[in-house]
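A single chain comes next, written as C-alpha cells; it is the form predicted on its own.
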C-alpha cells in the first residue's frame, strides 16, 4: 500500500490527504499551526468547489453557508450588478478547514501536530513563501461583521491594485477582506477601519454593521507561480505553494481543492511529478493570465471602462481553472 506524506492542513493539504486516502493510500498529515483558525480569505466557495467537497464526502451543507447569487463590481462611484452563472456560497475558512480536516482524519489520515519534512511521496501544501521590497508591498486584511447581509458578492476596486470584498457567510455574518498597497495603509497608520472609512462605497455598505473581532492582517503578498521551476520539483506542490493568483478572482478555494485533489491522487498512484505539474499548468495558466490583465487594468484605472463591455458571467468563467477529465 502506498504511503503519502502531506505537509500543510489547509484546503489544499486536506484535499490531498482525502484524495490519497480515497485512492487507497495511507496518509500522514503534518500541520505545525493551531487548526482550525481564521485566515485572510474571501471565503467564497464556487459551484465547482462544492462539487469537489461532495466527492470528498464533506457535509458542507450542514454548516448552512450563505447563498451568493449576484456579483457587484464597484469602480469609484460606479456600481454594476449582475447574476452569477450559478449559485455560489459564503463559508468561513474556520468552518471549511475544520470540515476538511475532520474528513481527512475520519478516513484514516494520521494528523501530526509538528512541522513535516519531505520524505518519499510528499505533497507540499504549505502556502505562500514570498517577499517584496519595503514600500511597494501589498497587505491583506480581514474581519467578520454582524448586521445586514445579502446574496451579493461585492468587490470594491481602487486604483493602485487595492480592493475590498464583502460577502455573507454562515451564521448571518459578513466577511470583509481586502488588499491594499503599503503606502495607502501607512497613511492611516495601518488602521484598517480608518482606511476603509476613506472609501465611500465601502463606508456606506458597512453602515449598521459591527465588527466582531480585531482585524487579521497578512503580508506582504506577491502573485507568483512556480511552474517555471517545475522541472526541478521533487515533491507534489499544491494550492498557494504552487500558484498564488489575485484573490479577487474568487477561485482561490477552488484552485486549492482542485490541485490538492490532483496531488493526493498523483502521489498515491505514483504519477510522475513532472506529469502532475504539467496538468496543473494547463489548468491554471489561463486564469492566471486573465488575473494579470485584470490587475493591470485596475491599477491603470481602465477596468471601469472595460467592465461595461464584458458580461459578469464571462468574467467569472474566465477566472476559473480549466476542467480536466483526469482531474
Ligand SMILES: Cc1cc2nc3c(=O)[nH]c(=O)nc-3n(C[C@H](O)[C@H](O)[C@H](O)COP(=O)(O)OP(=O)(O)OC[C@H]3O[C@@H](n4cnc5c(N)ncnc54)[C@H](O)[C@@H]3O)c2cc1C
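If you're wondering where the values come from, they're calculated on a predicted model, not measured in any experiment. Numbering follows the first chain given and starts at 1.
Another form, the form predicted in complex with the named molecule, is not on view; read the next lines as being about it.
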Contact residue in the model of the complex, from 276, 44, 60, 56 (heavy atom within 4.5 Å of the named molecule): 44
In the model of the complex, residue 12 touching the named molecule (heavy atom, 4.5 Å): yes
Partner contact for residue 93 in the model of the complex: the named molecule, 4.5 angstroms, heavy atom: yes
Touches the named molecule in the model of the complex: residue 114 (any heavy atom, 4.5 Å): yes
Non-hydrogen atom contact residue 82 with the named molecule in the model of the complex at 4.5 angstroms: no
Residue stretch of 192-200, 71-79, 205-213, 176-184 approaching the named molecule in the model of the complex, non-hydrogen atom distance within 4.5 Å: 176-184
4.5 Å heavy atom contact with the named molecule in the model of the complex for all of 31, 37 and 251: yes
